[in-house]
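Just the one chain here, the form predicted alone, laid out as structure tokens.
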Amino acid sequence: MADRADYVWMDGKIVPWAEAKVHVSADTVLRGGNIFEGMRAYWSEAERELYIFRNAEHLKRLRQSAKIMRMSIAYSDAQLTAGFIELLRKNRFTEGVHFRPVVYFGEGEAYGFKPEEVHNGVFVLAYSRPHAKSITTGIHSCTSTWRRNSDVSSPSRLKAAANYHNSRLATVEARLNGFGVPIMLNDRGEVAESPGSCFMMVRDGVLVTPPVTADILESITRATLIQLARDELGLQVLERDIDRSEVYIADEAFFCGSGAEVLPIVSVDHYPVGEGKVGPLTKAIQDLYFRVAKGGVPKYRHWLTPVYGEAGAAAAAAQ
């Protein structure tokens, strides 16, 4: 995975990576004053095309975060989409891409909380990101000692950078203790999500996931998998609270999100999940998700936004 690309989209134009800058006095630097989306684009080798996955849904959530934060976005959805496509084309991506549109508070009056008192800007970062090895092998998870942000303090449904200090604390703790991505509980002691993805488990053939009122991000990937599991795999899906101990006796479990994709969990707190390996329903959900995201299921093509088109795909293939 590359940690940078050649170009960034910033305030309406493409700029070289090294020239994409904000001032050190910007609120986004001093207090994490920004909101963002984590988005994926999937490369279809069969079609020689790059597809942005569920673009409209991500833009809707971005505007919901902006509403809660009382931020304005100076660009329409059509302008932002055109910017995404321009950036992905300019970087000539021909494999999986993770990209991040960020709406940020810039320079303004100190602690200027009114929208008119501070400049708002937008930039988009894009990175080449193929599937992680752990997608195939699964991970060993744990229960974090850190609790997920409460809706009455810093809402987890708000995809804001400042919320991810909470995520970092949990992630670093887990890694220092020899685990992969951890599970975070909410302030009621129920399962919430991971530091950056939602949680799902299988019990007796039923797919179970915490509700959106459990202090989780209203994940687009989560909603996608719920729909696919019900409509395509015929699974029963329950959205309900999950106790910590219930995870230990789950048959299968996984995290899901734009970044995590469908990430199997093979153990939690040294308890094997099921047989301690990637389960069959997890694998079926994962395979279906990737087929849909790469354009392999015609029924869901409306979720895909092509980046190159016929001429662009030919040019990309020639690189």
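Here the structure is a predicted model, which is why all the values come from computation and not from measurement. Residues carry their position along the shown sequence, with the first being 1.
Same protein, other form: the form predicted together with a small molecule, not shown, and the subject of what follows.
Undergrad: Counting only non-hydrogen atoms, choose the one of 131-139, 117-125, 236-244, 186-194 that falls within 4.5 Å of the small molecule in the predicted bound form.
TA: Checking each option against the 4.5 Å cut-off leaves 186-194.
Undergrad: Consider the chain as shown here, without its partner, and state which of 88, 208, 198, 103 has a heavy atom within 4.5 Å of the small molecule in the predicted bound form.
TA: Looking at 88, 208, 198, 103 one by one, just 198 meets the 4.5 Å heavy-atom criterion.
Undergrad: Of 283, 294, 277, 61, which residue is found within 4.5 angstroms of the small molecule in the predicted bound form when only non-hydrogen atoms are counted?
TA: The residue in contact is 61.
Undergrad: In the predicted bound form, does residue 256 have a heavy atom within 4.5 Å of the small molecule?
TA: Result yes; residue 256 sits at the interface with the small molecule in the predicted bound form.
Undergrad: Find out whether any non-hydrogen atom of residue 179 is located within 4.5 angstroms of the small molecule in the predicted bound form, and reply yes or no.
TA: No, residue 179 is distant from the partner.
Undergrad: Does at least one non-hydrogen atom of residue 217 fall within 4.5 angstroms of the small molecule in the predicted bound form?
TA: Yes, residue 217 is a contact residue.
Undergrad: At 4.5 Å between heavy atoms, is residue 221 in contact with the small molecule in the predicted bound form?
TA: Because a heavy atom of residue 221 falls inside 4.5 Å of the small molecule in the predicted bound form, the answer is yes.
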